[in-house]
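What follows is a single chain, given as structure tokens, in the form predicted on its own.
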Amino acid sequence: MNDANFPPISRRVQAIAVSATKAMAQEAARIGGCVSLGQGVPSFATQPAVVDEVIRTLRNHPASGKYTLQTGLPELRRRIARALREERGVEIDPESEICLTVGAMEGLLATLLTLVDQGDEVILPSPTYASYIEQIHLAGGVPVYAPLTADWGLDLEAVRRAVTPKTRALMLCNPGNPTGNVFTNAEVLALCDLAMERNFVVVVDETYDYLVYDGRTPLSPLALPQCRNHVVCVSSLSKKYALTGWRIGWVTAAQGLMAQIMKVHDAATICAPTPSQHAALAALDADPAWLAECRRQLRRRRELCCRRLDDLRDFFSYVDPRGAFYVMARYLFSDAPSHQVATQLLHGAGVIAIPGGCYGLGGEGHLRLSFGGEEAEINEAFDRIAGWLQAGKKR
């Protein structure tokens, strides 16, 4: 940035960019009339019972509009600890090993700022979530990509080759955004063993842990006592309970590491929004049938998205998504970079898709498609894509 009308901007900020997800949505808003297979937001509204409970709390408890402890409401930390024990087999101390954050994103950034100094390296099995890349740059670190296999599995030897004396962390989303993959328990354990051997930290984003289509919920490495000092797990209720706008998540880590992460959290935000913490508590205690119905609908949408891609097999190939609500579709109709293809699709068909190149090594040549939207929107998007592709064949 060289505009003389502005003061100097830090190198760390100049090194990062707005995510392609946001950029595509902004361009679509300028065009108008677009449908989205882009941003990873489930279509479900926040449960009415959760909204009602937050309203009741705000009306009846004046402290619900004030700061909480930096780590968050004690009763919410205890409730999350109980859920982790019952659902994931993880035993944590809610007093010293969990901190409520402003969504998982703040938890991830606070963790990186704790672990990474200028020039330190962070390994990313890739394709990876695009914001990890920008957060590493913001922390002054260097992303190091370790390619996934052709079916989006872990290539442990590629990860091992990527480790150097400068390696401070490895970041993993499991189940995966953008690929929809689910790393096996053996793969997670192998990464933890490597982290202990080479003295770095495995940072696992477990935001989508509730959404696995085939098989069991993946292993949380915090359930492995021997790994505790080399693991940080970050999670969120945003996608699971349709609380994306409420901005509530958490970090779990061993007490010594958490004490350091807390310094960053305190300096950045003081505490997560108090009304959102009450929303999280209400969601965790709500009728489980609501979540079961959300899973059922997302399974139907996955099947629909895959069926529509199968109908376009001359134009796309893909690996079946086993978790989350994304599929990385390789396009076969163009050799152009993914950003160019996504832009052409947006302007030509009015469909938002995210260019795979923004997800790091292995993502180029793909478009990330989200099937979190309503079935009617998914069908409309694929109808438009099919028409656009057929029109292109005739030109």
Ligand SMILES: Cc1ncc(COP(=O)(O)O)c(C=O)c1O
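All of these numbers come straight from a predicted model, not from anything done at the bench. Start at 1 with the first residue shown and count on from there.
Below, we refer to the form predicted together with the ligand, which is not included among the displayed structures.
**Q** Contact check in the predicted bound form: M105, N177 and S238 versus the ligand, with a cutoff of 4.5 Å between any heavy atoms. Do all three pass?
**A** Every listed residue reaches the ligand in the predicted bound form, so yes.
**Q** Among 285 to 293, 238 to 246, 299 to 307, 153 to 161, which stretch has residues whose heavy atoms lie within 4.5 Å of the ligand in the predicted bound form?
**A** Looking at the partner contacts, the answer comes out as 238 to 246.
**Q** Does the ligand come within 4.5 Å of any heavy atom of Y326 in the predicted bound form?
**A** Y326: yes, in contact with the ligand in the predicted bound form.
**Q** Within a 4.5 Å heavy atom cut-off, is T207 in contact with the ligand in the predicted bound form?
**A** Yes.
**Q** Flag A280 as yes or no: does it have a non-hydrogen atom within 4.5 angstroms of any non-hydrogen atom of the ligand in the predicted bound form?
**A** No, A280 stays farther than 4.5 Å from the ligand in the predicted bound form.
**Q** Taking 4.5 angstroms as the cut-off for heavy atoms, does Y318 touch the ligand in the predicted bound form?
**A** No.
**Q** Just give me the single entry in C173, A253, I123, L112 that has a non-hydrogen atom within 4.5 angstroms of the ligand in the predicted bound form.
**A** Selected residue: C173.
**Q** Though the partner is not shown here, which residues of 119 to 140 have a heavy atom within 4.5 Å of the ligand in the predicted bound form?
**A** Y129, Y132, in sequence order.
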